[in-house]
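Below, in structure tokens: the form predicted alone, a single chain.
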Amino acid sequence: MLKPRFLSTAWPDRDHRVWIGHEVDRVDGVLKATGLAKYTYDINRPNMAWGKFLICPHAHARVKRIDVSRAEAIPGVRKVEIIQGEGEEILFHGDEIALVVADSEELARDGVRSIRVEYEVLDHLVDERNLDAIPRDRLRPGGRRRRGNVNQAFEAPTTLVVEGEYGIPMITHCCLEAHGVVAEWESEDRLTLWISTQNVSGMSGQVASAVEVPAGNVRTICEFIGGGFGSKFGPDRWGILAARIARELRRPVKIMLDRDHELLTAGTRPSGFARVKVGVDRETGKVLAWQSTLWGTGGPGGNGTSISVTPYIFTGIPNQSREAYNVRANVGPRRAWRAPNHPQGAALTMTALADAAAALGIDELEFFLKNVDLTDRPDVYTQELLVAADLIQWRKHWHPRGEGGRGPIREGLGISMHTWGGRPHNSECHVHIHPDGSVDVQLGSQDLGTGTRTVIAMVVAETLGLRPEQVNVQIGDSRFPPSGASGGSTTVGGVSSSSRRAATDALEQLLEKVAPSIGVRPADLKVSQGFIVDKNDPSRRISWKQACRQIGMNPITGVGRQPDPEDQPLASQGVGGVQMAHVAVDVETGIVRIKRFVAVQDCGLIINPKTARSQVYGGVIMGIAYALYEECIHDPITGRRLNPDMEFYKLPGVGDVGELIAHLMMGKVTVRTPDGREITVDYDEPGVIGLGEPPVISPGAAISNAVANAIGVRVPHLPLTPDRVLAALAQKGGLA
């Protein structure tokens, strides 16, 4: 049973926040900037062996014969493991056939090159863009849903019907730090894993089960990770093999995927294509009906984009008819990719709605404002639409579709809206206050680069009346109290809640020890800027270090958990966001340039605006990448991926993203609508909500809509590459 609290764990009110809500530099910034931060790739253990994979060169094949004798005969090769041998069916280019473990990376590569495999090449499917051309046995029903009467709504005399086909291709995660692991056995049943993971606390149990040892006997370490984006939750085949072979060889084994293997195997975002029919009332501009057929692929198993993604956020459309199909294609398997299903939903929905606005001949901003009541948070979206419009100077730059200028450079504006959950994950935190005044915080979380360490330091410093640099945050180790995996933007809510409660618990214990020396009750004390002070007489105070000397020989340990059923909630879920793009399109070359991109986002109580804006910038840049550049390209003849590299798998450079504006909706905001209404929303009131994923959702749709506004015709499929832009212009009837 928990002891009664005399201190509240509630977030301090706005007037009393010292660190929360203020900009603080990353506590690990210097380590990363100087190269002192150690990633999995930097781990090299004594007497370590290296592992390299032989991967399948075909999209669909059966292994007829495999000969590993030459590899086994190479001096320094210690193990050749056949993963998929004779008779095995291989379903995509890049799947693993064999693993060679050797004394060096170079010898392991030599071993891989010496393996001989004879394949029976089978029929493949790698192009799912045309639903009518996909064999029926490759399609799996993904669901049908109906609401109201779409036919009646479409046939009403005041209904304008707009039809279109839209698509967003499969892309890969492209983590700068490839997947990989170093496995070392301390004894016959005790294993340490240095692994690039988003799931430090959960990884140990997964590996322990596979190698048949108790979960507590596997230690997982990941102090820093070079990108995950949803692809690094499990140990994968290479993690399990490294652990097993390290035990067999009685030496550490390191396996890091090569770049081509990484891009082929380590996860993709499913594609999404849709034929959409929208019915809009000509007089009011309200959306009355939605009909869509959706399809896409998540790899050999199908399981593409969910039927629920369309219509995206405009779930209140009264008449809906939707059906979906999953395509079993011979491409790399899907994994969670930042905001799973949401970028596809936005790309397939917001473009169709923008086409409806253009067909009506009304301002796209006006159209979305007219229909915002079809969403689940109309006040939030109304505010964010108006704030974004002001930042991008919508009234100054907007024009009807296709009237973006007379020369070769045409400009346009586009809008998209999005949502996300961001609920907190389970988390346990321990805060240790030592007799010398130092403070350690321990929890088994991970920092994906979003500033998790900094947020934890700020929360604990706020609670204890210290500075963030006085708090030593220890994460990235499964020996620390368990915390959830970093997925679904759940981390900041989970770790901030558990660390706030743990720091409060530790502080209560300290105040109980200090109160007698000041001659007051513990409840009459507070902390302020390195001092413990009598609330009723500020002249009666004691410094933090003087107070900590009274602890005794053993440190104080405070424990905090999320959720805590005995305490008030500190985090919740549910956010909205609006993004607007201003683009310039060269109609002679088809090149699209971003002039300005505005991202307006809420995410509850913001701990650190500096790192929060950084997350928005990162998400937007990632969105610009899939809007203009990213695409997994396959040879239709051989089925091979043509661009599993950093040369032809295109990503934007610093000169390609234009001016980025990130506006965070913080505190209590009042906005006056065009019709004179005042809308007030308190964005802090829900507590902390995750932010990592929402900013990546809308760029594809916003940029696509801006390009359509600029050139007068929809480019139906992302990315908006020059050839697709020119093809759309040609279909329109010319470049002019």
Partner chain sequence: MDGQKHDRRAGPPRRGFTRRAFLKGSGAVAAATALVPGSRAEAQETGPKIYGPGPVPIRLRVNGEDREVKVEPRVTLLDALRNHLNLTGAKKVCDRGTCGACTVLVDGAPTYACSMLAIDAQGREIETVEALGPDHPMVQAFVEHDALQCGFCTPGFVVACTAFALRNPNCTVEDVNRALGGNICRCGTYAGIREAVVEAARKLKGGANA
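Please read these numbers as outputs of a predicted model, since none were measured by experiment. Residue numbers count along the first chain shown, from 1.
One more form of this protein exists, namely the form predicted in complex with the partner chain; it is left out here, but the text below deals with it.
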Contact check in the predicted bound form: Ala33, Gly227 and Val654 versus the partner chain, with a cutoff of 4.5 Å between any heavy atoms. Do all three pass? yes
Note which of His432, Arg322, Arg640, His173 lies within 4.5 Å of the partner chain in the predicted bound form, where distance is taken over heavy atoms; exactly one does. His173
Have a look at Gly658, Pro300, Gly167, Pro481 for me and say which one sits with a heavy atom within 4.5 Å of the partner chain in the predicted bound form. Gly658
Heavy atoms within 4.5 Å of the partner chain in the predicted bound form: which stretch in 493-501, 412-420, 103-111, 275-283 meets that? 103-111
Is Glu647 part of the interface with the partner chain in the predicted bound form - any heavy atom within 4.5 Å? yes
If you check in the predicted bound form, is Thr680 within 4.5 Å of the partner chain, heavy atoms only? no
The partner chain contact at Gly618 in the predicted bound form, heavy atom, 4.5 Å: yes
Could you confirm whether Val669 comes within 4.5 Å of the partner chain in the predicted bound form, counting heavy atoms only? no
Output the sequence-ordered list of residues from 37-64 with at least one heavy atom within 4.5 Å of the partner chain in the predicted bound form. Ala37, Lys38, Tyr39, Tyr41, Asp42, Asn44, Trp50
